[in-house]
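As a starting point, one isolated chain is supplied in structure tokens, in the form predicted alone.
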Amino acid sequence: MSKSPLQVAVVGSGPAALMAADVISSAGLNVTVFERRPTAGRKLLIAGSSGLNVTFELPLEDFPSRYSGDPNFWKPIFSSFSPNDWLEFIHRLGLKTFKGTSHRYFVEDMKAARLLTLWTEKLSRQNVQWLFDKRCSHFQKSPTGELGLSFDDGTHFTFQAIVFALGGASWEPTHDPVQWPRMFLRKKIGFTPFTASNCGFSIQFKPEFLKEAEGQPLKNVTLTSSKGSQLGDLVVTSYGLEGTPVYAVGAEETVFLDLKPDLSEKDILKKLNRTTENLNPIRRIKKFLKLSPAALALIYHHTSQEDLKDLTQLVQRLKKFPLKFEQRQGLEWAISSAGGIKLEELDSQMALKKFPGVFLAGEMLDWDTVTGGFLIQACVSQGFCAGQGVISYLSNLRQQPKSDSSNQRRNSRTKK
């Protein structure tokens, strides 16, 4: 084994896959990246189309609490590759980052394209090979310990280790859903069906409201549901609402918006009653509260004429505006997905317990979190750990004598 170079496959080209490939190739191992599409990083580019959050300002010990599942799964992952490690990695690529008022970190140009370009160029300099239009259909382990990968086009490759970072089920067209779960289900690997996460909800908005507000933000509002409360910005869409508060606490029920969370109901009434001008309630709100146009349109078009004339009732509604969240958007419109390979199938190095040498990372695993930098942080941290796991596994492989299967075959021939 030591006389021939060890070959590693990375299947996928999202953040988890790229980080794993970076760690492994930096150690001098031969890496081939397989991607089923014609180019790398499609979902990374989608995620960064409206501002790429790369991580979140939060004490390291608090990060595990932002994710589903056992915190003990997450603690060593973020300890191995922390948010600060990730920011430093980005800076070494030649990009600057900044922290927004929401405590999220962004790349300076707010887009993912430059990050992806610099990263893939770095990997190419580290002799990573790229094979595109390769949809993996099967993997297996031979009696000698080698790992085989088969693809839909009939090609087959052999490696000493494999990292699968195949992504979740979001942003996939309905006519071409993810197919990789079949590979693992056939091998009796525990799997939780995918569901939409970090997605909007449909609301029966009036057409006249949408005519004024579609595509507009509801700035600095608090959304409250049975799942809790979340402050942030929302965006009015043709079907309802999108935004971090919706992703964090959205539920199929009547929820409530506080359109002016920085002021109490009493303070608002005091502020609106100061004027001596003879203004109706909605005009007072427009003049003195500085609400966004979308918030004003929401109040005007979705409040009864009777309440619009009553300042006290209108302020109460402004502080607790009811909205009926009817239906969560589907996977094809979701930012991320929940579900995937169950975490208990992995060992501490991100390898499948049933298939030593096969490592998993990223959104193909069964975990969930909110947007705001938490998704990509988890992916790169898992990718780093999977890459380190591969290095450790292959180091042990080099030190092992000839495989037990080889000895068994030799002993069998001797007995005959």
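Since we're looking at a predicted model, the values are computed, not measured. Numbers follow the displayed sequence, beginning with 1.
Although not depicted, the form predicted in complex with a small molecule is the subject of the following passage.
Per the 4.5 Å heavy atom criterion, the small molecule in the model of the complex is contacted by stretch 374 to 382, the sole one of 387 to 395, 23 to 31, 374 to 382, 345 to 353.
The candidate site formed by Leu218, Leu263 and Ala295 is entirely out of contact with the small molecule in the model of the complex, as no residue has a non-hydrogen atom within 4.5 angstroms of it. The closest non-hydrogen atom of Leu52 lies within 4.5 Å of the small molecule in the model of the complex. Using a 4.5 Å cutoff between non-hydrogen atoms, Val236 does not count as a contact of the small molecule in the model of the complex.
The small molecule in the model of the complex comes within 4.5 Å of no heavy atom belonging to Arg66. With a 4.5 Å cutoff on heavy atoms, Lys309 does not count as touching the small molecule in the model of the complex; it lies far away. When you look in the model of the complex, the only residue of Val315, Ala338, Ile299, Ala334 with a non-hydrogen atom within 4.5 Å of the small molecule is Ala334.
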